[in-house]
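Take a look at this one chain, the form predicted on its own, written out in structure tokens.
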Amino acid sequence: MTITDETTTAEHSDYTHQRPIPREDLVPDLNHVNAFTTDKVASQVIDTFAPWARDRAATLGGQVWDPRVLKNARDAQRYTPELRTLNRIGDEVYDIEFHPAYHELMALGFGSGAHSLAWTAEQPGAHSARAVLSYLWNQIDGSTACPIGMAYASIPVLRSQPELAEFARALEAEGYDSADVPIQHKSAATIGYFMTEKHGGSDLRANVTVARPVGKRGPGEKYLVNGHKWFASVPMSDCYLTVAQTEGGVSCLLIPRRLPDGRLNNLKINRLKDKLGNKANASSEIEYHDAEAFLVGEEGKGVRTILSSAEYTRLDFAVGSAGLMRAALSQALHYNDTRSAFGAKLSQLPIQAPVLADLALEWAGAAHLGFRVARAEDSRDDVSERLVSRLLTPVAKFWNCRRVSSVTEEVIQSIGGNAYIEEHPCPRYYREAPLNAIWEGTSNMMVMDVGRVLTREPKAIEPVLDEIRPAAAEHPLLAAALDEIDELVMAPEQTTRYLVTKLAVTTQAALLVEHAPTAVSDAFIASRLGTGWGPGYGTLRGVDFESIIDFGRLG
């Protein structure tokens, strides 16, 4: 049967008269909003503790939701690094090729000073200012946050040894130089950490990689390193901090990627890791074959040297996890404030408002906890602040890095299927989140570290509890939590996740009482320290949902 033109025209006419989807029903991308100036917590930190850094933070904040930067972050994860072991004529090169988007992100991140401001600024509050920059950067991209954080942590280690001043100066530079040449010919440098071996895992004392002196022994002297590393982060860096067995025990060494004459430094990259997330960051397995290195610190003190650096990387992951929560929360609130259903904005629906408020509480507590540890680093001349830093660093690393995964998952739920599509930023957040709890010490390692602090430095708990007591005097639930902590710390050898969790949440509550609106702090205390809160998000009851959600909004 032949379809007549009249029938075709009629059907076409029916089709064209179907109601078009109105533009207001479609949620546009979150773009062109300054993630710093509209963030109530980050702005407060800068205004209170580092007002001199406001313009710098605002400049980076303006990049977070810029469409070009968002595209770079997505492209860098889609087009992953590729290892090239040989060049055209068969020479070993061990080169890693990155998508141009990766290099653009590195230039933006290192150009912002997010890696070095804490060490180069002469104004007070430099660690707080750098923490805000890291918090903002983690909203952009977690893969490049890794080399940024490693540079931040390594600078004081290298600065402490005059023989390595050249490396420290190159790492401090605000800029990015991707050229694969000796560090002596670079305007700026990056650094990697090569610690873990396949059989040893987190136990660095079990490592079998060895280093022997070329001539004299001692700090700054040249050694030759032989062995392997199972997790070698950022192998295209200009230098690497590593650990190896020496005659004096486990020692820390700095290995340049290229020697002063331009030759590759006897290092082989076996393969790149295919990871769950963090895909734009090249993680590798490597071998040393008489790689030239410089001893950092004394022989046998390598674990202590690395742990002094880990204090800063762990802080960075606590702050970075808060930043990742912020990015996810921003997406959730943008979508739910824009999309309407059942006659109201999604954020106003009684089934959704408790979820969004709960997520805002989680972010607020995490951000304040991370920034409190950064503030302690700003006052290390004060004995009490050094103790606060020593105890709360592993506490914040444990708690913030545990909670970020649940936040990213709940945000995807709050948006729905659109947040499960790779074009949306949320899948990146979801895959990135679990790594923060693994890198630089798993959750159990953080609990063990808290136990060591309470055993070796029992007075470390006192300034933390003293800071909580004024808030506890006004809030019975907080006072009860404080009493429970007092009992638990009497047996630090029994330190468990329960104690560390209680320390984290109680500290967050006290910080919110001091710095956040009453509606936020009261709801946090009632839910996190009371009995009426379920294990999932959205079980808040009897609180001012709108005030809490508004606190979490950008603007």
Ligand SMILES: Cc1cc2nc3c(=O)[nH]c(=O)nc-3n(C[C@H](O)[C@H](O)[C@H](O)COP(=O)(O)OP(=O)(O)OC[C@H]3O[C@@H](n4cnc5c(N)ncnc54)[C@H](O)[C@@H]3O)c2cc1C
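The first residue of the shown sequence is 1; numbering continues from there. For clarity, every value in this text was computed on a predicted model and none was experimentally measured.
Keep in mind the form predicted together with the named molecule is missing from the figure; the text below concerns it.
*Each of 371, 500 and 507 near the named molecule in the predicted bound form, meaning some heavy atom within 4.5 Å?*
Not one of the three qualifies.
*Look at the stretches 187 to 195, 137 to 145, 159 to 167, 466 to 474 and give the one with heavy atoms within 4.5 Å of the named molecule in the predicted bound form.*
Heavy-atom contact with the partner occurs in 187 to 195.
_Selected contact from 96, 445, 485, 387, since only one has a non-hydrogen atom within 4.5 angstroms of the named molecule in the predicted bound form_ = None of the others qualify; the residue that does is 445.
*Ok, 335, 102, 312, 439: which has a heavy atom sitting within 4.5 Å of the named molecule in the predicted bound form?*
Among 335, 102, 312, 439, a heavy atom within 4.5 Å of the named molecule in the predicted bound form occurs only for 439.
*Using heavy atoms and a 4.5 Å limit, would one call residue 275 a contact residue for the named molecule in the predicted bound form?*
Residue 275: yes, in contact with the named molecule in the predicted bound form.
*Does the named molecule come within 4.5 Å of any heavy atom of residue 283 in the predicted bound form?*
Contact with the named molecule, yes.
*residue 294: touches the named molecule in the predicted bound form, heavy atom cutoff 4.5 angstroms*: So residue 294 does not count as contacting the named molecule.
*Tell me, yes or no, whether residue 231 is in contact with the named molecule in the predicted bound form, where a contact means a heavy atom of each within 4.5 Å.*
Result yes; residue 231 sits at the interface with the named molecule in the predicted bound form.
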